[in-house]
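Considered here are two forms of the same protein chain, supplied as structure tokens in two stand-alone entries, structure 1 and structure 2.
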Structure 1
């Protein structure tokens, strides 16, 4: 008696793989969504705890408790100064360093890029002790400008790597036309290359700012005065002794603390999705 066997068709196999991928993505999404849901719900709950639950009654008392100069406004201002200054310095230095790597060929380009790639893998904790000793010797410890410089230096290797890859996508013919008209290399960089690689500059800006904004260890080590501490360090004050935590106020502060990053992303989202505005600039 013949036995009939059914083989899975290619379409059914693709459907099975797609379902498995969708299930995996749902698990990953839930892992990110649950903490976010806890932060939002707990910020509106007067009796918040570690459980993800709907509040018994929506209240803004947690926000009223944390919206004070010494708790929120001063640390957020310190964070904006540190991260804004560090990001601006990082973007400017990365553009200046990436330009010769992208436009001029040299035997040292590859070793230099490999060194930059190695520098991005160094853990920040491995160099903080010598950095702290250096800052003490040059009188930069407990100074805003010193922390800004170190923020920029720590993000610069990966920023150069990103900026160089984006800069490679801008045709060199546009610069050659500008050079023919008498423009210098710096003028062609500022007026032609950077405007055309707007998405790349936006990516470097967002990446640098986010990495600095969430950095706890660097300002904790380099800043000593409580009035100079950024919000990434002052959030530690919500964790009291013996495990006592006011979860509602902690969640409210976390919502406020996340707002600048969300606003920055919203402002540059159009640039991130716009692509390179080359159009038919190189056609002729």
Structure 2
């Protein structure tokens, strides 16, 4: 008997530990889930307020109310133009820049990469006031292209860093064969290297897009005309009109605005096995 209990101890201790870990995690998850539950339940509730509560009856009236050109479609289209343009510019510039950094040795690579790494962690928020002042002087204020350029520049350091690390993982042998056949650098980049690092390019693209889609401060500072505002800024209109805030509609808009980035994240995370490969990116 004594022998039996003695034998059972490690296993029961382990399963006890697992139970405790599960319980602890579920408590934390519940706390994290409450605000998420609010937005989903409220978006389906005709009488939503600030509390998490089950709706009396599920309704799509909130979605009906916000799915109008001036409330939802124009801001989302603006977001798409700004973030799509910014992401395209970022990815193209980052892929081009990563190629010589990854493939050719130069004594300038190290200082350049160190500068890039330094720039990845600068607080962009801090330079928005001077950027505003500068944009006023060069007439880029309140223009889509100015905001796109700034988005791209602010995202580029991290994009170059990521792209270079992914590119380092592509073996050189295939390219060398192409070089012997007379292919130029650009040809081997576009035809050989980039297709081989598809997941890496996807990560850089999705990451840049998600960061821009959620960014509030940059368009808030650099754009002035309400018609040009992306969803991240226009969402504040729900509070702007002094009257009572229709929380159900705010929640419905939040759901619509958040869905694309969550889907994109799931898409990429699933292909890369979670973690967004960010763990690796952080460690260099």
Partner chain sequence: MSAGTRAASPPVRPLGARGAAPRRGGLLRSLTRTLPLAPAVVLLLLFLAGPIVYCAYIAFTDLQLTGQAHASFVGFDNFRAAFRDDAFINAVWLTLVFTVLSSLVGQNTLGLALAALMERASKPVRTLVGAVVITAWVLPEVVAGFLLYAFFRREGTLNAILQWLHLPSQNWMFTLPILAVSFANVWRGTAFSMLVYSAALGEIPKEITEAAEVDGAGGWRRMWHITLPMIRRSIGTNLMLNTLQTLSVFGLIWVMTRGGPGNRSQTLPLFMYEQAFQNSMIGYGTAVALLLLVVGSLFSLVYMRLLRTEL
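Residue numbers count along the first chain shown, from 1. Take the two forms, find the largest set of C-alpha atoms that superpose within 1.5 Å, and that set is the rigid core. Since the structure is predicted, the reported quantities are computational estimates derived from the model, not experimental observations.
- The form predicted on its own appears here as structure 1.
- Aligning the rigid core between the two structures leaves the CA of residue 264 offset by 3.6 Å.
- Superposed on the rigid core, the forms differ at residue 20: its CA is offset by 5.6 Å between the two structures.
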